[in-house]
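Two separate entries follow, structure 1 and structure 2, each one form of the same protein chain as C-alpha cells.
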Structure 1
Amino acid sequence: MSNPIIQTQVLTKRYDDVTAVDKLNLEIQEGEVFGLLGPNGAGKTTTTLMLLGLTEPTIGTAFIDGHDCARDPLAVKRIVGYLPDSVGFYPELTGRENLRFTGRLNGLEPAICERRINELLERVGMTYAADRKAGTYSRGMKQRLGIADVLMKDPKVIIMDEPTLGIDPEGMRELIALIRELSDKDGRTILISSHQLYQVQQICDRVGIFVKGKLIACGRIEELGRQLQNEGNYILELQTAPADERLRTLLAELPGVRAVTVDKDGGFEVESKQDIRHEITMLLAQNGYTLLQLRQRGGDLDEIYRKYFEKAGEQHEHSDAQKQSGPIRGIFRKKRE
C-alpha cells in the first residue's frame, strides 16, 4: 500500500463558534482498512459528510482518488459507496428487488444487473433470504444486504458507519470476515467510523483517534501502543497470594510507580513510567508473596484509546465543551423503512 486514495489537508469545519473538525491532515492508502475512532461528538460524522461531498469545509481540502470532494461531488459518488449505521430498504420489496432497484439507479444493463445481484447475494450469504421481504430481515441480515447494495456499483472506496453495531457475535464474525475480504481480495479501500474498539482492532490496518474535532493519534495499533510506552505509560496486571494492603503499599513505593489500584477481582493494577516487571518479581520474592499472574497491558486498543483520550482531556481541560452535528441523513440512496 503506497498510493493514498483519501487525502485531507487542514480540513476544517466550523458551525458558528463550534469547530467540529479542526485542521485534519489524513492519508488513507489504497486497499487499506482504516478505523476512525471517537466518541459521539468527536467530529467523525462531519468528516464523513465532507468526504461524501455533502457539506463544504470551512477551510482545507479533501480528495478521494484525485477528485475534490467539495468541487466534484458527483465524481466522488461514482467511486464511493456508503453504508450507514442503520441500513434502510423498502420493506415491502424483497432483498433481490431492492438490489435490482439500486442497479437501475446506477444505470446497469438488465443482464449485468441480474448477474451482479446473484453474485453478490451469494457472496454476502443472503441467497437463502433473497426473495423474502426486506421488512422481515434482522439487523445483521440488513447489514449484509447493505454491503451487497453498496457493491452493486462496484465502488473503489467504501465508507461504513458502525457496521457491527447491534449484531450478534456470530453475525459479527461473519461480517468482519466479509469486510476484510473486500480489502484483501478486491483491493477496495474501507473507512470505518466506529466507537466499538474490539471490532475495530480485529479488522483495521490502521486507526485514527478523534477527540473534539482533532486527530490526536494515527497509526497501526501496535505502533500506538509502543509510542505510549515510550512516553512512559505502562500498566501491569498483578495477581498474588496473599493480596493485602501491605503489598499495595510496597508496590506504591517502587521507583517510577504512579498509581496502584485494586481491580474487581482483587488483583492490582500498577501504573508506572517504565517497565518494572523485574522489580516487582524481586519485591514479591523478598517479601514472601506468591506470583499468580503478571501481565503487561497497553497493546490492546481499549488501553491505547483510554490513554490518548486522557491525554487529549489534559490538553483541553480548560476548553469549552463542544457540540457536534447530528447523524448523517439522506446520504446517497438511503430509503425509508
Structure 2
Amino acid sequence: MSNPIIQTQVLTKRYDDVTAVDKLNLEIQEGEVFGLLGPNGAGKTTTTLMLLGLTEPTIGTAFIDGHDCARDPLAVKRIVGYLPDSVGFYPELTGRENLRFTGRLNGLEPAICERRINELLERVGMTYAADRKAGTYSRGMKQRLGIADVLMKDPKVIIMDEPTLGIDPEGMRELIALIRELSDKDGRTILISSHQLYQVQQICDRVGIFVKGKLIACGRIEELGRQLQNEGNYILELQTAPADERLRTLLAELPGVRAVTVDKDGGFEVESKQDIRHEITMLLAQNGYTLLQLRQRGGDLDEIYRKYFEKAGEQHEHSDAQKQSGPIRGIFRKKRE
C-alpha cells in the first residue's frame, strides 16, 4: 500500500546565488495524481527537470521506481513520460509521423508502433488531423498530440508541466477527464505542476504547495483545509434578507469573531477563531432574519493557497521556515485510505 514510486531526498538546485529548489523531500505513491502547486518561479519546473535527469541536482537524490534520476536517466526515461509546458513538434512532419518518430526512439516494433499510434490518436481525439503537418496545429491540438506522444512509450509515470496552460474551457474539460482516466483506468502515476488551482483541485489526489523553492504544505486538499481550520482560520459566507447594518454589528459581537466584511453581493464574510455556524443561525432566528445562504470557506484550494502564501511570507520574516512547516509536512506521511 505504501509504495512510493517517486521519492526525493533533500533535493536541492542552486543557480549561482539563487536556490531554485531547497531541500525537497517528497514521496509520491504509485497510481496517485499529485499536483505541484506554486506561483511562477517557485521551482516547480526545475523539480520536474531534475526528476527527468534533464538537469543535475546540486545536492540530494531523486528516485523514480528505484532508478536514480541523475545517475541512470535512461532507465528513468524509459518509464517516465514528460509533457513540457510548451510542447513542440517538428513542423514539417505530420502528427502521425511525429508520434512514429517517438515510437522509434523508444524502440517499438513497427507493428506495435502503428497500432499504438492509431489507438492514441483516437483516444486524444486527433484522428481527424493526424495527417496534417504539425506546423498547422493550434495550441490545444499540440497539447493533445503531446499527451499521445507521452503515452507512446506506455509510461508508468507521467510528468506534466502546466498542462492546462492556454487551453480553452472545452479542451480543459476533456483534458481533465483524460488525465483522470489515465490514472483511474490505466493506473499510471501522474505528477502535474501548475499554478491553476481549479484544475488541480479537480484532478489531484494530493497537492504540494511550493513557494520559493520550498515545499510548505503537502497533503490531500481536505486535509490542508482542515489543517488551516485547526489553526483558527474560519471564514463564513453569509447571505441574509434583509442585510443591514444592525446585523453586521450583531455578528461582530458574537464570541470569537475577528472581522465582518460586506462583500460585493451585499452578503457578509465572517472571519472567526472557531466554528460559529450554530451561533449564527440562532442569532438570525432570534432577530427575525431569513438565512438565504451559509457557506463555510476553507475546503477551497484558492483559500488554502492564499493562506499558505501568507504563512510562507511570515515564515520568511522569521526565517525558520523548516520548523513551522514541520507539523504540516506530517500530514503527508499519513496513510492514504
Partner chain sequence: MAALYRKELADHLNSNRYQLLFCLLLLITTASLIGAVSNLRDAVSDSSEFIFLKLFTTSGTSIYSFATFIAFLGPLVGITLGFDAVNNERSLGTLSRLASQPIYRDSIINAKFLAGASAILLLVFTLGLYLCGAGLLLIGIPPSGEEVLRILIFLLLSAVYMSVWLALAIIFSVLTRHAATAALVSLSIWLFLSLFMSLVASGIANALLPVNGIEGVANMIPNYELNLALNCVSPYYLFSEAASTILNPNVRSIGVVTMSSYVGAIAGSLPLSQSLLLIWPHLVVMVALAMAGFAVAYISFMRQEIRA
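Just so it is clear, the model here is predicted, and its values are computed rather than measured. Throughout, rigid core stands for the largest set of C-alpha atoms superposing within 1.5 Å between the two forms. Start at 1 and count along the sequence of structure 1; that gives the residue numbers used here.
A.B. asks: Report the structure number, 1 or 2, for the form predicted on its own.
C.D. replies: Of the two forms shown, it is structure 1 that corresponds to the form predicted on its own, while structure 2 does not.
A.B. asks: Is there a C-alpha shift of 2 Å or more at Ala241 between the two structures once the rigid core is superposed?
C.D. replies: Where the cores coincide, Ala241 still shows a C-alpha shift between the two structures that is 2 Å or more.
A.B. asks: Quick one: core overlaid, is Gln29 moving 2 Å or more at the Cα between the two structures?
C.D. replies: The answer is no; the displacement is under 2 Å.
A.B. asks: For Tyr289, does the CA position differ by 2 Å or more between the two structures when the superposition is done on the rigid core?
C.D. replies: Yes, the C-alpha position differs by at least 2 Å between the two structures.
A.B. asks: Can you read me the CA shift for Ile280 between the two structures, rigid core superposed, in Å?
C.D. replies: The shift comes out to 4.3 Å.
A.B. asks: Please state the CA displacement of Asp17 between the two structures in angstrom, with both forms fitted on the core.
C.D. replies: Spelling it out: core superposed, C-alpha of Asp17 shifted, distance 3.2 Å.
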